[in-house]
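Below sits a lone chain in structure tokens, taken as the form predicted alone.
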């Protein structure tokens, strides 16, 4: 079995896509690890849809407060100058295009950048703010394992799970590779250490554009 990048390495790669001064929404789960990989000197305003702009790292023992949690109910901190607001304002920020980037998990992504991440067979539906995020935020990066636990591809030609949004994903970061979603299809951008283009092809249902430098 090919491992490729671990979750921390994937989070570090996703963090590299964040620009100085960006307002960024992090999805529940793996994407929250991005908080740990923002280099000193870069200012990033992390947004959580339950009402905070200026989310800091996870709260350590002695720092927790019952009212200071992220969208996944994990205890967090806030940075100096953070802003608190009700959920309607938070969702208006996302719907109005005021958040620069969202980093999310997914169950499936299609070759056209369609996203399924709110429910899958055998799982309880959990829409949360995902549909508002993909409708209003123009730059969506997905972080996920390349395949399911039983080896089925999560990058597919067409979604078979209920869609969160269509044509909304701009980049996919998995344990095997990094892909850009382009008008011509999925472009293989980077390979994880020890992973070949053939490995990625065998674990992917959709077609890929593979540059000569990676073939």
Partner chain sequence: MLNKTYTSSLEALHDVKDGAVIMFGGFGLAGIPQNLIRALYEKGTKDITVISNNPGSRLGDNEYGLAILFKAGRVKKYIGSYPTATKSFKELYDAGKVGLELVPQGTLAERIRARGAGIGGFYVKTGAGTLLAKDKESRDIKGEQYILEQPLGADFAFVKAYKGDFYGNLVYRYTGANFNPLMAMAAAVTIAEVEELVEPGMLDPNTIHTPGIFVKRILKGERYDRWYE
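This is a predicted model, so every value here is computed, not measured. Numbering follows the first chain given and starts at 1.
Quick note: we don't show the form predicted together with the partner chain, though the next part is all about it.
J.: Find out whether any non-hydrogen atom of residue 152 is located within 4.5 angstroms of the partner chain in the predicted complex, and reply yes or no.
T.: Although the partner chain is absent here, residue 152 would stay clear of it in the predicted complex, with no heavy atoms inside 4.5 Å.
J.: Mark residue 111 yes when one of its heavy atoms lies within 4.5 Å of a heavy atom of the partner chain in the predicted complex, and no otherwise.
T.: No - in the predicted complex, heavy atoms of residue 111 and the partner chain never come within 4.5 Å of each other.
J.: Residue-level contact is defined here as any heavy atom of the residue lying within 4.5 Å of the partner chain in the predicted complex; does residue 140 satisfy this criterion?
T.: No - in the predicted complex, heavy atoms of residue 140 and the partner chain never come within 4.5 Å of each other.
J.: Any of the heavy atoms of residue 43 lying within 4.5 Å of the partner chain in the predicted complex?
T.: Heavy-atom contact with the partner chain at 4.5 Å: present for residue 43.
J.: To test your reading of this chain, name the stretch in 57 to 65, 143 to 151, 177 to 185, 30 to 38 whose heavy atoms come within 4.5 Å of the partner chain in the predicted complex.
T.: Within 4.5 Å of the partner lies stretch 57 to 65.
J.: What are the residues of 112 to 141, in order along the chain, with a heavy atom within 4.5 Å of the partner chain in the predicted complex?
T.: Counting only heavy atoms within 4.5 Å of the partner chain in the predicted complex, the contacting residues of 112 to 141 are 118, 124, 125, 126, 127, 128, 129, 131, 132, 135.
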